[in-house]
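So this first bit is one chain, no partners, the form predicted alone, shown in structure tokens.
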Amino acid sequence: MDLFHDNPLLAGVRQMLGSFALRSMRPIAARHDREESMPWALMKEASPFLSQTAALDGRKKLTGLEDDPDPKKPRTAARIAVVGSEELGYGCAGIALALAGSGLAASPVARMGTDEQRAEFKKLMSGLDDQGRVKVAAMALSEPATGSDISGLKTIAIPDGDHYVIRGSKQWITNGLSAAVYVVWAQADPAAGRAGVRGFIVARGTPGLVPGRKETKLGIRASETAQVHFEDCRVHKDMMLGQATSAEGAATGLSDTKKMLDSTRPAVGSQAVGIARAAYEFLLDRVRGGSLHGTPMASHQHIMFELAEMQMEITASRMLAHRAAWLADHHQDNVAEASMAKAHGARTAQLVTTRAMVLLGEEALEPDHPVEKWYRDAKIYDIFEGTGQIQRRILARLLTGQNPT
């Protein structure tokens, strides 16, 4: 099924980023995976159409086009993100996260920030860093003892005159070592519980902000992941996100953070689809031209049934992601669909890469083999942005109104 036959904008994004994935990402993927290094040169090359601060430019997206400014009319932002994420994941998941990781930090600023905060974020992200590299941003949410349960944050923000003093540690933070600006989540009002969680824009170099150890990971190695520590880090109160109030008059806080995750999860699921598609197409090409026991591989039922199963799961995951994005673009609730898209995409990536490893045998264990890399990359998609268990818990709660224990 052609999802783009009646939408030239989405078709154009798919073609542009698909070409970029094959031409620019694939040739360097193995080296950056092996070196566990960020693709700084490629990030600079890609910056004209993969701006890290795109989320702050109203509805201006990858193509430079804008949606209709009428907020009641359908948008295309979520569907563009889903289409683009699959193509970048198809190129290399680690490089895709290096290219797009700053968007995760930009998203809450765009969603919850004031005009002044958006302007400050843009200023901090403009130009190059002191090493001549494209600037990146970090979303500092996860903690050593708090991963998917974002309501249990231990990092605190203590009011002190016109400032807040942030104390705590963050872990598994994308761009945590190199970021020019951090969006840090902390408990600012313990008495308010979950509603007291706030985000703070913190510039690199702020006293008390200490980037920590860079992590060595199983997969997505071209994306930098590190600890970040906050040792009495003073941040002006004007840099606290969520100061605006909702229609009900309540300050926006953790609830808006969760809405933000609902908007990003379809794209994460779609990136997992890109990994699955890469492994599936590699295997399909091998089957078309290969033989087993002297007969064409395509004539062996057990191999072809595996490929058929892969194609079914990839197609199902893609449709779930597009459905969740369509709902978001049409201003409809997509909590269930976002969780389905993320969980199903992660499962598909693991299923396809695992079966491809089995069918290829010892060949796939060779250093720098693409399927071996995709196999390692796939696992994280069942963990970050809410584990598979968290997504199923969300769905179960929506079914019954109760949290399963």
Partner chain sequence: MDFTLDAEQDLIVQTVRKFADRDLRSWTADADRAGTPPERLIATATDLGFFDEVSRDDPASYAHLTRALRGFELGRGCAGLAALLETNVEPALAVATWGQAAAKDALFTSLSTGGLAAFAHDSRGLLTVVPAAGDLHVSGKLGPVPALAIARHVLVAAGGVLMLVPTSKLTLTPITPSGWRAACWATAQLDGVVVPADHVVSSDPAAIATLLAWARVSLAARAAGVATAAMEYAQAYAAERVQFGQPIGTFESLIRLHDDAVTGAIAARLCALHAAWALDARRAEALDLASRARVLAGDVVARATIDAVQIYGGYGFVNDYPVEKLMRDARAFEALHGDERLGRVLTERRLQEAV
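Residue numbers count along the first chain shown, from 1. Bear in mind that the values here come from a model prediction, so they are computed numbers and not experimental data.
The discussion below concerns the form predicted together with its partner chain, not included here.
Contact with its partner chain in the predicted bound form, defined as a heavy atom within 4.5 Å, holds for exactly one of Q311, T146, S263, T114, namely T146. For the options R204, R234, K237, H300, the residue carrying a heavy atom within 4.5 angstroms of its partner chain in the predicted bound form is H300. The stretch among 83 to 91, 180 to 188, 208 to 216, 330 to 338 whose residues place heavy atoms within 4.5 Å of its partner chain in the predicted bound form is 208 to 216.
Against its partner chain in the predicted bound form, the set G361, E372 and I380 is in full contact: each member has a heavy atom within 4.5 Å.
For the chain shown alone, S47 is not a contact residue for its partner chain in the predicted bound form, no non-hydrogen atom being within 4.5 angstroms. At a distance threshold of 4.5 angstroms between non-hydrogen atoms, A98 is out of contact with its partner chain in the predicted bound form. Residue contact check for R393: one or more of its heavy atoms lie within 4.5 Å of its partner chain in the predicted bound form. Proximity of S37 to its partner chain in the predicted bound form falls outside the 4.5 Å heavy atom cutoff.
Counting a residue when any of its non-hydrogen atoms is within 4.5 Å of its partner chain in the predicted bound form, the hits in 353 to 369 run T354, R355, M357, V358, L359, G361, E362, E363, L365, E366, P367.
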